[in-house]
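In structure tokens, one chain follows: the form predicted alone.
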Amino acid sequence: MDALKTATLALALALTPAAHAAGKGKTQAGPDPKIQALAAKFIEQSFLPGEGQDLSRLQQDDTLKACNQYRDQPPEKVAAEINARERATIKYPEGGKLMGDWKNGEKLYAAGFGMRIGRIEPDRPERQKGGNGGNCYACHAADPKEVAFGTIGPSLMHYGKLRGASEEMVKYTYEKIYNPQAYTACSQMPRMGHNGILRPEQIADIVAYLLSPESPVNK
């Protein structure tokens, strides 16, 4: 059995206890710790070491552990703890300017190399973190002329036109991109700034792309 199949089996085993309990009308905070550890081991073994393979991404911090434990539906107290912990990680650009160059933000929004890994043709290390965008179009539509966008996240077309560009909206947009878990515990959106995918100045550029009246997003 190859590593991928083994990892898939391990994940299935990890999910079994929760599914079994749900079938009996019971709730369970998470899978059996021993099975969870086995699944993590097999998943790690499915990644081959070498250039471009950032195995540190397999390590879970306290927030990811909590989200996995509660299946992304943490109790109110745990959710509040996640929000507070993640909000404390937010950093801002030097000078405090949260809206940058929308034209550069347009490039960063569309660039598809943010934290991408692969052993067939791995990205150069300098392109993996803070180097070449966030691949935002993989989940969100923005420019009405763009046709190759994902729909995992909501459409951001006319984002600024609908919301305005008040100081509060600029700050919210910046922080939401930097670390969405500061607002929504167990959000599926990547923590772009927290994980170093985008630098603060780059996030400010994307904020400008979403909010600036000159941006094609708001035409």
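Numbering starts at 1 and runs along the sequence shown. Everything quoted here is computed from the prediction, not taken from an experiment.
Keep in mind the form predicted together with heme C (HEC) is missing from the figure; the text below concerns it.
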**Report entry** Complete contact of Lys41, Leu58 and Asn68 with heme C (HEC) in the predicted bound form (any heavy atom, 4.5 Å)
**Finding:** no
Query raised in the report: Does any heavy atom of Pro154 come within 4.5 Å of a heavy atom of heme C (HEC) in the predicted bound form?
Result: yes
**Report entry** Contact of Cys139 with heme C (HEC) in the predicted bound form (heavy atom, 4.5 Å)
**Finding:** yes
Report task. Decide whether Ala165 counts as a contact residue for heme C (HEC) in the predicted bound form under a heavy atom distance cut-off of 4.5 Å. Result -> no
Query raised in the report: Is there a heavy atom of Pro180 no more than 4.5 Å from a heavy atom of heme C (HEC) in the predicted bound form?
Result: yes
Report summary line: Contact check, 72 to 109 vs heme C (HEC) in the predicted bound form, heavy atom within 4.5 Å, ordered by sequence, gives Tyr109
